[in-house]
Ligand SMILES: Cc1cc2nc3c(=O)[nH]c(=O)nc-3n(C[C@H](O)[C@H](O)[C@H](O)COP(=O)(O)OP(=O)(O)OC[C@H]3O[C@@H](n4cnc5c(N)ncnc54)[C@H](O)[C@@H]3O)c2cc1C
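Here you get one chain, nothing else, as structure tokens; it is the form predicted alone.
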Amino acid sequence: METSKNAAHDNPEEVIDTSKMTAGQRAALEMTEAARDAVAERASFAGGLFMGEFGLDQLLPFPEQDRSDRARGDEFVRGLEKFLGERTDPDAIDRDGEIPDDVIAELGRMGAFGIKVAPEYGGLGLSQTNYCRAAMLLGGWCGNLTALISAHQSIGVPQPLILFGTEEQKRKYLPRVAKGEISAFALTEQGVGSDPARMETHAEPSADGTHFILNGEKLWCTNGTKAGMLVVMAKTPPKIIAGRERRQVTAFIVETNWPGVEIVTRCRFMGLKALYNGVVRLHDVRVPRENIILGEGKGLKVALSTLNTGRLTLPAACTGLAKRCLEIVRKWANEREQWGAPIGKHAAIADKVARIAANTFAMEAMTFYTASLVDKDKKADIRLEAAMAKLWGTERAWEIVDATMQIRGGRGYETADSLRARGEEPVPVERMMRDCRINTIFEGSSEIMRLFLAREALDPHLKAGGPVLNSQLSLTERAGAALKAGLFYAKWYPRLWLPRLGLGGAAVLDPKLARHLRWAERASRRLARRLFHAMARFGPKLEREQVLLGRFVDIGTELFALTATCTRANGLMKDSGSRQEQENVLQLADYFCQIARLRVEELFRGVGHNADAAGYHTARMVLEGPVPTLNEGLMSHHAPLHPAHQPTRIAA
């Protein structure tokens, strides 16, 4: 049994009161907690925000990319840009619902499917930062190509093997995926979603113990209809750990040409028309034991660690999309005239343009900082920073593409093909909006991200005070825990009220940026106080106050965005050649901080004054009973599905 540095991660029931949970809730909690890494030794900047610890030294100076590393990335990114511009047509890909085979083949030849795979396994061996740069380029060009390449590398076979693969697995599979054999990740199931405790796909060991027999069906497997291999999550027989039966989830590498693997149907969506997403059925598939990743029962750790890094691709791609939107609105706002002036000079439009630019700058800062953590250590704990970058970046990207469509008006809503047909520039805002919408759902929806971040924010308190409230522990154990908790809070809580004498690193900052960071430090202590007060008020029931917890998460995320923006702006100003460039960067960062501070203050107001309870009761009323007038005027039935619209089965 693998030992943990923190007992709380091995025995969540010692920290969290599970007595009032259903069996399913308790099982899901235990499995998820067991998969969490005990990495408290690395002080996470994002995690510190919720405890009133403002670790500015972790972002100052901002970790800019090494010159030699950037030069290596430049070579690949320039080649990718040239290929995309000369050989790909995103509108045609969207229209046809297919990525041409020759495009996929050429991407494989140039190494786009093995960007982070080490050269000894046939890949380019580029850094996470360079990978994010490639994702930005793709994100601003074609959502379908972005999804193909990122799903393959970020959550498909390459990333789990880079992190956890044996040497034999790496030598067998990494050269294949680096050359362009597509891979995919199979976790979600019909009616189950991604809940590990309810997973139905299962794998039983063969009689001789050399193989596992895999059965089940996976839904929404991105790249699944094109993949040569999959990472499949499946239940394996439970084990007795510390005297208790523990459910097991294991990660397997499965080749799609093996007997019993069937691609049932290709799924179609609102956007990403060329997304090769499908339903995968597994019937008595024999998987060699050596195809287990990391170890039997460690599949959730593989999944969570892979998703941490994989999530970082989304804010990177969203940054590219946002930059493309900014390019579109700058051109249109300068050229389009209404009421005697370019529309960019009208305050309503100018406000949108300013927010697009400022939020794009912040999005990039958050992404590059988090990528730098991976470049320092491939197994770095980036779960909080990556989740924040994903949550914040995808939500801002949706706002940006929505604002872009509003600025373009009817020409934004019109398709690029229609614009082209009548002689106007085929600006694809309509396609970009359709493709962008999935980002707040992909790889953990915004709601799941907030719950995940809330759990992490509460973790130090659960360790310190959770056992006191746990009715499953004896009175003696709870009394001992109360004493320890009292000592912890007696030392920690007063510090949240005491003003700090100075802010580390502030002396090297521009005065405007230093002012914003001093405010952020105070806001972090305020956040920690308000979160503690909420725990004192609600006790164990706080976990049910999901909207309230979401506000705390959003405050912490805005503080991360503000800090990354200030520290990166400070670094860019020092490197800028002209005084005008420095002033422009400062103005952009200063404006972002102003609007971020307004958002944070609004969130703080919502913590104490809200309609959350009324909203919940209203939702229950709507869900449980008919409401006069809301049920009127609807079709009472739907026409049967036309035979032409039946799903198409795909041969394995």
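A residue's number is simply how far along the shown sequence it sits, counting from 1. Just so we're clear, the structure is a prediction, and the values are computed from it rather than from any experiment.
Below, we refer to the form predicted together with this ligand, which is not included among the displayed structures.
Heavy atoms of every residue among T188, L275 and I448 are located within 4.5 Å of this ligand in the predicted bound form.
Comment: 436-444 is the region of 436-444, 201-209, 122-130, 309-317 lying near this ligand in the predicted bound form, near meaning a non-hydrogen atom within 4.5 Å. Comment: this ligand is not present in this chain, but in the predicted bound form one of Q406, Q546, S418, Q338 has a heavy atom within 4.5 Å of it, namely Q546. Checking Q159, T394, T567, T222 against this ligand in the predicted bound form, a heavy atom within 4.5 Å turns up for just one residue: T222. Contact annotation for V232: none of its heavy atoms lies within 4.5 Å of this ligand in the predicted bound form. Mapping the unseen interface onto this chain, Y413 falls outside it, with no heavy atom inside 4.5 Å of this ligand in the predicted bound form. In the predicted bound form, this ligand lies farther than 4.5 Å from every heavy atom of Y493.
Residue contact check for F269: one or more of its heavy atoms lie within 4.5 Å of this ligand in the predicted bound form.
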